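Given next, in structure tokens, is a single chain: the form predicted alone.
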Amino acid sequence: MAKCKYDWPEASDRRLIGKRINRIDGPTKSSGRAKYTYDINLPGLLVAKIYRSPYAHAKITAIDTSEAEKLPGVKTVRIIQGVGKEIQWAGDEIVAVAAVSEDIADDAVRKIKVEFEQLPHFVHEEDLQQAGDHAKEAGGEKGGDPDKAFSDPDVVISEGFYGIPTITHCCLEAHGNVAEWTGANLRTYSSTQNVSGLPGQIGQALREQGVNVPDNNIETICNYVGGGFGSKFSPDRWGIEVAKLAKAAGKPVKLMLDRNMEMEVAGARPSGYAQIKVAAKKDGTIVAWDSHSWGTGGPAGTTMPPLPYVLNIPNKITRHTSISTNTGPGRAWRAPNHPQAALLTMCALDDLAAKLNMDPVEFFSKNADLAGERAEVYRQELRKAAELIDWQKNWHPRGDKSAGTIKRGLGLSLHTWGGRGHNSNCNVTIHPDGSVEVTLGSQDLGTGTRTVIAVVAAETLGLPVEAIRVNIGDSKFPSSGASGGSTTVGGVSASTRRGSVDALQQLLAVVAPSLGVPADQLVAVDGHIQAKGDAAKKLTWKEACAKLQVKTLQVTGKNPGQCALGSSGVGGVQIADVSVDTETGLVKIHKMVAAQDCGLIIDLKTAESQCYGAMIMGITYALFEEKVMDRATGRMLNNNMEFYKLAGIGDIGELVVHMMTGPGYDERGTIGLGEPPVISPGAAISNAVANALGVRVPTLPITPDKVLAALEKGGAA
């Protein structure tokens, strides 16, 4: 069967794909030459600030902006939400101000007077009994006959309560935009995950508010992004307001969120809590699942996590309750709903394994068939992760019986994700001087997107990576999808591959007469165009491109397109090795290992980096992160980097990543990796703590007070 011309090179023919390639933008970033949205300072730039609601739930009864408008240096004041509007969270936008300096803008905000009618608020959802009218049934499903399965006298049943709290988005680069009008044209410099899609969103919002601007008149530029993680797909209300301020003032305006507002209003990962009952035969075969879950994503509540997670348990019943709270909006956060589902499922199943007196590796391997067609992949990953952590030597039944107050434990978790490549268009351009450009409207969130594009083009054209110039970050470039759902690498690598193959074929057709060889018998190798099997007949890349004379060759590559260059569905296993001090309650990470598949790996170095970063984020949300809300005021109490705790270098321990590659994996083509490795750390660490202590700390983050409370409740203190 003939191969498709776009197929990825065979393993023996890959010079670059799958190797560890340094990021091409590393020197630019480390030297400070990279320009982020915050670095954009246009001539005559104004600074915008926003008056925000001090109340979690209130109705606006009066607004007076006169004193702010009179302040020297204030250029424009806009009421965003007027009298009669009902505010649903503290920090919501009321009035926007643009001034010649940040200090003046801050002074103007302080002079704005807004009167409110305070309304009752609700900000704590962990105790479902307190939710009252804020709780609404939000679905569920039933499969098989769970009642019959649970009533079997020969099954072992485990029941428990588990939870994962709301955490904020905490991007290193805060949300924000710079807007500049030139006549009827609007240019925005935005910190965004959606370069190609933002002009359409901005245009629609502006037109709905009376500013008639076509989408084609809007350009979005984003050369570098200091993190997004699911929170930067849209322009947000402040992104629309900065454009309106700029139009009203007749000057460019910058509006970047301060850190406290970044943490209060720029989105949060929804919470997830559940009462779960599971059953298994005495040989460890899982037979039944029963869960009632709940959580919040702010005023909109939340949908049910995919429960049970990874394993399709034959007899199951699930119910979910959505809780609306006055806590600010929820947003997608790296693998939406999956960290919640993993924590709830894997902790419940780990407790069941403990009740069965089974080794968790053996238990999950035995039940891997419930994962469907990827069962054997999970078994391979379980074996590899267990080998890397030295499971056979270090694992013990629940409760470290050794002397002393420091208890050691191991815990594991499984996870999954989709990751099919998004729609992507790119232009591959070969110039007569031999230079090569790949241009597309993608964005690099710091994950190595530029490098992946360069690797694919260089591999295809037989050139070094540094010979490829990558142009991204501008909506005027060919449209490419938003960076979400782990879809970017699959999308951009496929469009780049197709464009590069077609461009090379056109170049070979031009060069063929000079070498006296049919175009289909020429190949690009090591900076040369040469005949297959006859290296004597060749031209250097520059000599070959010179045959174009004054013509520049440009080809558009697309995804989707001919040939299956990618697919969907990956899995992974992570194991945590922790110790817990039973006197202080402190948890220490000694080692975490990840065995992860993602199909064909383009750049092994950036793939491993995705996993390292995800495990660090996972350790952070497992042990430290929580959006702490004040019941009395409805305000976030830890909206700063002093009290919103993140893991430091001394909290991480040793991280080991093993990418599952080679036969059985590479044939699937590229599949996204951004999300999956952040899913399991919370569950793996929670299970490791339970293994160490002999009791479960039911909710994240696993803080010292919770450890000590669990020990006291379990009679182990």
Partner chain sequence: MEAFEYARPTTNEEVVKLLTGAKGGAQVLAGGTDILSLMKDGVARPARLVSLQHVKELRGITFHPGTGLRLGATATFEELLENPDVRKHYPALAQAAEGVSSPQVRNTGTVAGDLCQRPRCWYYRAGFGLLAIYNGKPLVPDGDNRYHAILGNSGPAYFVSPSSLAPILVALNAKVKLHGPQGARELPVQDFFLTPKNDQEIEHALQPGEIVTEILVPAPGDVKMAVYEVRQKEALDWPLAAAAVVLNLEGDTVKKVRVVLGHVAPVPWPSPEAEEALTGKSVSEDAAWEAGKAALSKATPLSKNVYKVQLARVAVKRAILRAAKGEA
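Given the structure is predicted, the values throughout are model-derived calculations rather than measurements. Positions refer to the first chain, counted from 1.
There is also a form predicted together with its partner chain; it is not shown, and the following applies to it.
The closest heavy atom approach of residue 663 to its partner chain in the model of the complex falls outside 4.5 Å.
Among residues of the shown chain, residue 51 is not one whose heavy atoms approach its partner chain to within 4.5 Å in the model of the complex. Its partner chain in the model of the complex comes within 4.5 Å of no heavy atom belonging to residue 184. Under a 4.5 angstroms non-hydrogen atom cutoff, its partner chain in the model of the complex has residue 586 among its neighbouring residues. For the options 437, 400, 173, 581, the one in contact with its partner chain in the model of the complex, meaning a heavy atom within 4.5 Å, is 581. When its partner chain is considered in the model of the complex, only one residue from 359, 219, 369, 626 comes within 4.5 Å through any heavy atom, namely 626.
Residues placing heavy atoms within 4.5 Å of its partner chain in the model of the complex fall in a single listed stretch, namely 636-644, out of 608-616, 636-644, 463-471, 162-170. Contacts between stretch 109-131 and its partner chain, counted in the model of the complex as any heavy atom lying within 4.5 Å, involve 110, 118, listed in sequence order.
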